[in-house]
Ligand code: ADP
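Just one chain follows, in the form predicted alone, and it is written as structure tokens.
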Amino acid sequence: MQQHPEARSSGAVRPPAAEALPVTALHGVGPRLAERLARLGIRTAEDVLLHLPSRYQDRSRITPIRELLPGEEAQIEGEILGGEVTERGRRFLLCHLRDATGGLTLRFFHFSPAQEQLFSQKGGRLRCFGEVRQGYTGPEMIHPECRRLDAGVAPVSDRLTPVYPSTAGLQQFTLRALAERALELIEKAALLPELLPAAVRSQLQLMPIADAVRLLHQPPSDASLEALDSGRHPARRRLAFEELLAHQISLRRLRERMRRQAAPPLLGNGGLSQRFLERLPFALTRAQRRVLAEIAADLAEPRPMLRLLQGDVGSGKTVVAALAALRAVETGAQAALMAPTELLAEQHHRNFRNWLGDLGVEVAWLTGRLAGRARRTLLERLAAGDIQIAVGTHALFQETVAFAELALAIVDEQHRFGVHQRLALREKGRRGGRCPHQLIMTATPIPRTLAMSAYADLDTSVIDELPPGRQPVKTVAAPDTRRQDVIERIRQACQSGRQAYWVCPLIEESEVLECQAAAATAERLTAALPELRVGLVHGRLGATDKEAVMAAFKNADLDLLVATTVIEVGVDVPNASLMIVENAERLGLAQLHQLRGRVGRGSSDSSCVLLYRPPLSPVAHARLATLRACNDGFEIARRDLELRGPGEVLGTRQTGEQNLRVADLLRDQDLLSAARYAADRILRDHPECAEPLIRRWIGSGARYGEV
């Protein structure tokens, strides 16, 4: 990272102020303005400095009206020729200006009497900034920022003008004035103390934070607009690095606290595991064996395992989870597997029961729908230790659920849960000063860049090999005008002894409407394909009915299964070779890849048809093109990151997930390695810097692991 030439020499780390300076300490900030600022996360004067502009405007020159280009922002000066209020369909105010090179019209749809009076003063002079567009009679600006020039001449700014992220009722001039007042306090009140050790700044050629903040709020007119707007300016990178560093330190401290806790070493004799492997109709892949060795080594330790298991669709994570659970059972303890949906929990329960039932292992399924005497009996047996493995949804960590000795918590599809839920399940196993081991699984591969940042508290294992015999799925995209051709393709596939899925994704933000759409589709397909046996499964079916339909499909008693996206994960029917996804343009890459992974599980050629409703947006077009060209889940995850950004890929809308204020994991991914190295160095050599860094960038939220 290169140092900006204007950066001053760095000094020693100064201790932070004992108390954060509230934003109300800035002149002009009363309760009403403070409330609006709080919507932007601005509660202290330091927050004002770290609320950076999203872009900049060049108001350092006056552009002659004749040189204006439509679509560009520009600053002009002109003489008022007159103003008028016009009502052509809607009421608006026009003001006509001219300079020595030409004329321009200002147009206001919302205006005050004071503006109407100002713009009617012929001969007065205005300086205006706004976007130029081509109007009916020539160039015009709509709602530009205007300033009256009383003396006729005024110097232009020698700085670029910042434009800040804002909220309702908060004007740009207010945010600019607040930034100026906060900048004055950097020296007066030690408002933004330097927290990075001089050795770290020197090695990475980082400018002092005060210089970086000044430049970002008040950049000189000759600063690169492109570098500033793209976030690649050294000053912005300086702050992005510190923020990434703070998150790394927070996660490392969480990890160290967890590693200092005790956990039961799971050192069974391996008898159950060996009998299980002998009964499997297939051999484990090299990748599965490697991952199992990593997990076994962790489980043998007297401190809790914290491991993220990544694997593409169909790579065999469930078998690995079953073998990990057997390690707990062999030592006389219990394991729990938590899945985000009832259907996936059902699938895991069925697999575990079929695999482990003959070994004498009791596997129970706990769902929120279980009630009455059956629920009480199950909970009593779980608390007594009669049940060795519990599989369920979030119902597993409800207050009434107790384990005799929970030694291993497995969480499937982590990104579907808030991380607080993962920790709540862990707390179920806390007993006698010991907590359970944790295995976090995901079939949505996380690009290494994100895993380094968002899951730095976890060790990572990757199953990067598919079982032998898995066939690549041929993927095509077709407009829904070809629906009849697709229906005929289903007929041919099923008549040849194969089975097919037809998935109806969410059309409205309502599970009821989604299920109604699926039911209507099932009726239409039943009428169009009377010779086929059509089944329907969706989220509002009762558990017994759902299980019956899925069992019928798996046993080939149904030819075509119409479903909502509840079948996205966990469904394994090797005879199904055709997947139709309706309204595919509405789904993200990861979800489409998961759905496609329901086929290609047998030896037959398999296909996925993505039905879409034209016209496609550029992003939807890119998604479908990626699915057609690629079957590799890790490559799809990388492209998904580019298309959607880190927040969506990680599911950061969940409670407690990472929220970055300045850094961008995609743009700043090259800083992550340096941030990880610096985190190690600070925790080792400068531990006094850790807490202030976390407080500055993460605040009282201080990461989900602090709870």
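Start at 1 and count along the sequence shown; that's the residue number. Note that the structure is predicted; figures quoted are calculated from it, not measured.
Absent from the display: the form predicted in complex with ligand ADP. The rest refers to it.
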(message) Counting any heavy atom within 4.5 Å as contact, can you tell me which stretch out of 277-285, 363-371, 219-227, 521-529 lines ligand ADP in the predicted bound form?
(response) 277-285
(request) May I ask you to choose, among 574, 82, 539, 588, the residue with a heavy atom within 4.5 Å of ligand ADP in the predicted bound form? (result) 574
(request) Tell me, out of 505, 197, 316, 535, which residue has a non-hydrogen atom within 4.5 angstroms of ligand ADP in the predicted bound form. (result) 316
(request) Mark residue 467 yes when one of its heavy atoms lies within 4.5 Å of a heavy atom of ligand ADP in the predicted bound form, and no otherwise. (result) yes
(request) Report yes if any heavy atom of residue 601 sits within 4.5 Å of a heavy atom of ligand ADP in the predicted bound form; otherwise report no. (result) yes
(message) Given that ligand ADP is not shown alongside this chain, does residue 242 nevertheless sit within 4.5 Å of it in the predicted bound form, heavy atom to heavy atom?
(response) no
